[in-house]
Structure formats: C-alpha cells, structure tokens
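First comes one chain, alone, set out as structure tokens in the form predicted on its own.
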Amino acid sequence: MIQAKNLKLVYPDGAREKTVFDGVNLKIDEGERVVLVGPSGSGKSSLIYLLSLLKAPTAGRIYFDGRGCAAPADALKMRYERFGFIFQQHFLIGYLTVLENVLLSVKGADEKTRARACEILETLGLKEHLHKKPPCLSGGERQRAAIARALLKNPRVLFADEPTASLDHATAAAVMRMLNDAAAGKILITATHDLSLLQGGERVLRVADGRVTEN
C-alpha cells in the first residue's frame, strides 16, 4: 500500500515560486491499477516522481506499507528493491542487446535470472529479438523491452510515465494491454494524456490545479 499525506510541492519559477501540489492526500492499495490523467503541465509526472521517491516533496510524507520513506537511504533502497519504472523514453543502451538491457535491472544475474528474462521477453512477443540491439527494433518493441526490464526484478509497484506517448495509437493500445496484464497483482500507476487507452477496471485520478481528485 502506498499512502501520501499532505503532499506539497513548490519549485522556483524565475523570480517567483510555483506551487504544483498543496495538501494532496492519496491511498493506493495493493493490486490497484491507477491512471493519472490531466492536461499537459498539470503535474502528472511530478506526482509519479513524488510517489516513486524520485523527488522529495516540499512538505508531507510518502508511506509504503505504513512505513515512512523520508530518509535518502530508505528511498534508494525502496526504489531498487520494490519499484519498477517505465518512461516515455525507453532508455535502452544502444550497443547492448535486448536481453543484455533487460538484465541490467538486477545485480549479478545468474542463469536462473537469465532464463526468467527470456521468459518475460517471450511473453511480451520479443522472443525473436533477444539478441538484437535497440536501433533494430520498432518503437513498440523498444517499449516492450523497457517493460520487460522493469518486470525482471519482480517489483511490487510499477510506475509508468507516459509510456505510450511516442507510439501510434494501435501500438500504444497493445503496449497498454501488455502492461496491464504484466502488472497483475501489483500496483500499477500510469500517467497518460490519452483516455482512449484505458483498458477498463482502472481507478482514474484527475490531476489539475494542484489537486488530485477521483475522476
């Protein structure tokens, strides 16, 4: 379970300060699929960065299973051990193969881990591309490789920040279906601007004017 209490986020905006969030309270239970929607610049990405401990709030706290994660060491440990990340940009390393990129998400990958990586890639339709390098793949294939990388360490929470923004609609819809299937039983938090990509069953939260409300 993830809980945000009284989150506030303020950052410099020229000579002034801009308040992105002020007093956000939110609870997300295990197994929930949450979609953050809202106009560009509303703070969807900022909320993902806060909930995933990539950014520290100006005020307020984030709790995971009831435990606060304010200390940098706690946040780092949580991000590595419990969280998986998928972004609009896949961040694959061009000179490594798809399989090698996926294995980067774990330390000291053994044969068992390697076999699991191959299994995940096969499930995502990339069996024939294990030894290809990212420049040889389509945009949808690269994004599926990024999903596989996030899934390999079996995270309890998956964060996806506009993971389909650079894809055509058909490919984006396919990637979202795969992402939802792959995240079964986990918390999945996705930011998107495209409501047509919703699969059904998601909890939709609208981000706007410094607030987060149920859609």
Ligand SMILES: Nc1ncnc2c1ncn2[C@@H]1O[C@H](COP(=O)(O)OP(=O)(O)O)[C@@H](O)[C@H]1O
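In this text, residue numbers run from 1 along the sequence as written. Predicted model only: the values in this text are computed from it and were never measured.
Only in words, not in the display: the form predicted together with the ligand, which the text now covers.
Student: I'd like to know whether Arg149 contacts the ligand in the model of the complex, with contact meaning heavy atoms within 4.5 angstroms.
Tutor: Looking in the model of the complex, residue contacts with the ligand do not include Arg149, since no heavy atom lies within 4.5 Å.
Student: Would you please decide whether Arg16 lies within 4.5 angstroms of the ligand in the model of the complex, comparing each non-hydrogen atom pair?
Tutor: No, Arg16 stays farther than 4.5 Å from the ligand in the model of the complex.
Student: Is Gly66 close enough to touch the ligand in the model of the complex, meaning at least one heavy atom pair within 4.5 Å?
Tutor: Contact check for Gly66: no, nothing within 4.5 Å of the ligand in the model of the complex.
Student: Answer with yes or no whether Gly201 is in contact with the ligand in the model of the complex, where contact means some heavy atom within 4.5 Å.
Tutor: Gly201: no contact with the ligand in the model of the complex.
Student: Tell me, please, which stretch of 58-66, 178-186, 38-46, 152-160 lies within 4.5 angstroms of the ligand in the model of the complex when heavy atoms are compared?
Tutor: Of the options, only 38-46 has residues within 4.5 Å of the partner.
Student: For 6-29: residues with a non-hydrogen atom within 4.5 angstroms of the ligand in the model of the complex?
Tutor: Tyr11, Pro12, Lys18, Val20 sit within 4.5 Å of the partner.
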